[in-house]
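In structure tokens, one chain follows: the form predicted on its own.
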Amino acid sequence: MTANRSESVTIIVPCGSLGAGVREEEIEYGLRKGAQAIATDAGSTDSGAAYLAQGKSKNSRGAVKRDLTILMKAHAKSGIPVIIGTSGQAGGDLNVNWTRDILLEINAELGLSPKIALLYSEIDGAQLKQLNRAGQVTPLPPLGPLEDKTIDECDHIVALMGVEPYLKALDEGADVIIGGRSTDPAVLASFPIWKGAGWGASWHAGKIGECGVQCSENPTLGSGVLLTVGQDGFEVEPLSANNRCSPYSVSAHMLYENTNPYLLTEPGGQLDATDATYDQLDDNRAVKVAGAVWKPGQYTMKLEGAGGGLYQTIMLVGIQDPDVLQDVGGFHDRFLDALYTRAKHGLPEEEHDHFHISLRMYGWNAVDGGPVPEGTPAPRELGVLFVATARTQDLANAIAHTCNPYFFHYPAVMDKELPSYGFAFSPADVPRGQVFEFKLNHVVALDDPLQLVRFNWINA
């Protein structure tokens, strides 16, 4: 599953995520440097489970179309393939099809008809249950064995692809690949491997380049990087002329979303960068990396499943009351107790054990909710976020409506005149909709890397 061996393979990584802002002048630079492919990731789990559960993209359609138009113009000019992974943010079938439709619109506008491979890695619950019963599914910490009811709670489930589906698509002549959920490095590693570069060098280059310009010294200067991959190593440089990569900025990226800076587990094996070297090249912009080794192993694909659950309504106030600011912790506890009592007066008794209220004190401890060290100075002001969670949106709304007067006026000192806090919005309550969450943290072991992947072709 490889093309004729090349001495080195050069690919443009135009950005860290399609829709984040490709720069035309950087693509032109990469083409002048002899790039043989364009490859980029298009998604992430960073922004939560909703994008998989709902099959939608975090990036706007206009932003993705703009970036993809630039890449397709480069393809039309040079003939080099364009490879996209984790399309539409989450890489589910709906996300892939959303990206496909944008691509077809661009092709119609530009008068192009490339051979397009669509790679789908979404699997249904029945298929996963069968794999689970066969003993092929293993939990990752901190979860335990997978149960059928957990699978049933998922609206969409994807398996993260490695390089093999991309190799097959390239073997069959794809000009453009729109891939479903994939590991980030796999999207970039696939073309060099297909052209005969070393597996260790290719996987290492894919890991370093996965976020585009983030492996440079100044990630605000530009969007992408250029990777030149050989048998034993690779070179990386920014696509922007006023930026540079350093041994530190490049090697540090091995720690990005990875607990071990030397080992990276991927479908079908593990990248071992223990003996890798990082050297600045004479131009002071590029870094040469060598010495990483690919160690083949059991083929596994990580599973991601997301589903919707309860519903939420939020309210936000700003507080500058000095009585509150002098005792934020005590105020929080008294405030929360009062809101729970108030909410129960407005709910049917059968719902009293099935709702939740939280208060998040922004400017104090809203991010981690932990205790604040003794002696911490009082803040100048607080933003207090009220979150009501219930079985239905109507119930969550009702809790917010019932609590509204207390949330607006509850005093830190009971014998003083009632304060009025600053609502951020009117109406104050904002229905947030359903709460989405990831349900799976498991891997599935396979003998065939393509077993869970479906291929569709356009203009084949």
Partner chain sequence: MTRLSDATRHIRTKQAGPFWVTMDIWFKDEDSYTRYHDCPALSAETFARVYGTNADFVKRIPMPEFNLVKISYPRATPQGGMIERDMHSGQQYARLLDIELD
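We call the rigid core whatever largest set of C-alpha positions still superposes within 1.5 Å between the two forms. Computed from a prediction, not measured in an experiment: that's the story for all the values here. Residue numbers count along the first chain shown, from 1.
There is another form of the same protein, the form predicted in complex with the partner chain; it is not shown, and what comes next is about it.
- The partner is absent here, but in the model of the complex a heavy atom of Leu440, alone among Val22, Val444, Leu440, Leu452, sits within 4.5 Å of the partner chain.
- Note on the partner interface in the model of the complex: the residue among Ala241, Val372, Leu255, Leu110 having a heavy atom within 4.5 angstroms of the partner chain is Leu255.
- Site residues Arg61, Asn218 and Val287 are none of them in contact with the partner chain in the model of the complex, judged by any heavy atom within 4.5 Å.
- Not displayed here, the partner chain is approached by Asn260 to within 4.5 Å at the level of heavy atoms in the model of the complex.
- Residue contact with the partner chain in the model of the complex: Pro377 places no heavy atom within 4.5 Å of it.
- The partner chain is not shown here, and in the model of the complex it never comes within 4.5 Å of any heavy atom of Ala424.
- In the model of the complex, Val435 approaches the partner chain with a heavy atom inside 4.5 Å.
- Contact annotation: the partner chain lies within 4.5 Å of heavy atoms from the stretch 354 to 362 in the model of the complex, the single such stretch among 354 to 362, 171 to 179, 218 to 226, 90 to 98.
- Using a 4.5 Å cut-off on any heavy atom, none of the residues of 180 to 203 reaches the partner chain in the model of the complex.
- Once both forms are overlaid on the rigid core, the distance between the two CA positions of Gly111 between this form and the one not shown is under 2 angstroms.
- A movement of the C-alpha atom of Glu374 reaching 2 angstroms or beyond is seen between this form and the one not shown when the two forms are aligned on their rigid core.
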